[in-house]
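Coming up is one lone chain in structure tokens, specifically the form predicted on its own.
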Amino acid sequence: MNELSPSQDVSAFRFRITVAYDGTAYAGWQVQPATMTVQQRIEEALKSLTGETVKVHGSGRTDQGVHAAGQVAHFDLLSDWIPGNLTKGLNALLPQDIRVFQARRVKPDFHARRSAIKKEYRYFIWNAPVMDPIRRFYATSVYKPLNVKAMKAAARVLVGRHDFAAFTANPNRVVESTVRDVYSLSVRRTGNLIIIRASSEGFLYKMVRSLAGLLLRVGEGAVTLDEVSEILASKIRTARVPTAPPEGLFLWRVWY
């Protein structure tokens, strides 16, 4: 659908890449002064590979310490590239904690953020008395037993189209609306691992970590099911909705 014919007469070629990264060492996705980010690493690799100064646009920003299994980004090049060669070249230049799975030509009007129709995030919790050291950067450790049944019930309350003002932080920019349509929000336990899956048309700043933070409090017994509805209806952010730690969060997949 978004494929661009190599013979099409255009002044620039737009490419879409699917990227995975371990966000532990980075101050998030977006370029920031005096600190290293994932976007900066990719732009530097593109400069070395193509000789062009390229602006990379991601499907969404991830915070410091947050990971991605399926981030999508786009950029324009003045020179044409075989997508497979672009993938190989970038991976040869990028650090091992960032990998491009696929590159493809797309139409000039494709936009990694604006063209997205659904995003899925997953939040991982290691619920056991002792943290698995292998998972320490990729799951949040909670040593007290969590009531997954209560967490599932609370998640169902939050599905649908609502004003999620109580579940966002100040992004330091103008937000037209805090209404979002959460298509699904589920909680599943597999052994010591609890996985929260959230999908939506789009999420507010720190919304997924806020949803996870509230579900954790429900699992701990600190917030009741009735209070979940009250918090949602209040449209006011309070300490009852903590922002869950970043290491458990993954941008999992983006649909177009």
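Keep in mind the model is a prediction, meaning the values are calculated, not measured. For every residue, the number given is its place in the sequence shown, counted from 1.
Not pictured, yet referred to below: the form predicted in complex with a further copy of the same chain.
* Please check if Asn91 has a heavy atom lying within 4.5 Å of any heavy atom of a further copy of the same chain in the predicted bound form. => Yes - in the predicted bound form, heavy atoms of Asn91 and a further copy of the same chain come within 4.5 Å of each other.
* Close approach of Ala153 to a further copy of the same chain in the predicted bound form, 4.5 Å, heavy atom -> Contact check for Ala153: no, nothing within 4.5 Å of a further copy of the same chain in the predicted bound form.
* Quick one: is Val148 in contact with a further copy of the same chain in the predicted bound form, heavy atoms, 4.5 Å cut-off? -> So Val148 does not count as contacting a further copy of the same chain.
* Using heavy atoms and a 4.5 Å limit, would one call Ala103 a contact residue for a further copy of the same chain in the predicted bound form? -> Flag for Ala103 set to no.
* To do: Determine which one of 154-162, 178-186, 132-140, 110-118 lies within 4.5 Å of a further copy of the same chain in the predicted bound form, judging by heavy atom distances; exactly one does.
  => After filtering at 4.5 Å, what remains is 132-140.
* To do: Run the contact test on Asp22, Gln96 and Phe250 with a 4.5 Å heavy atom cut-off to a further copy of the same chain in the predicted bound form and return yes or no.
  => Per the other structure, all of Asp22, Gln96 and Phe250 touch a further copy of the same chain.
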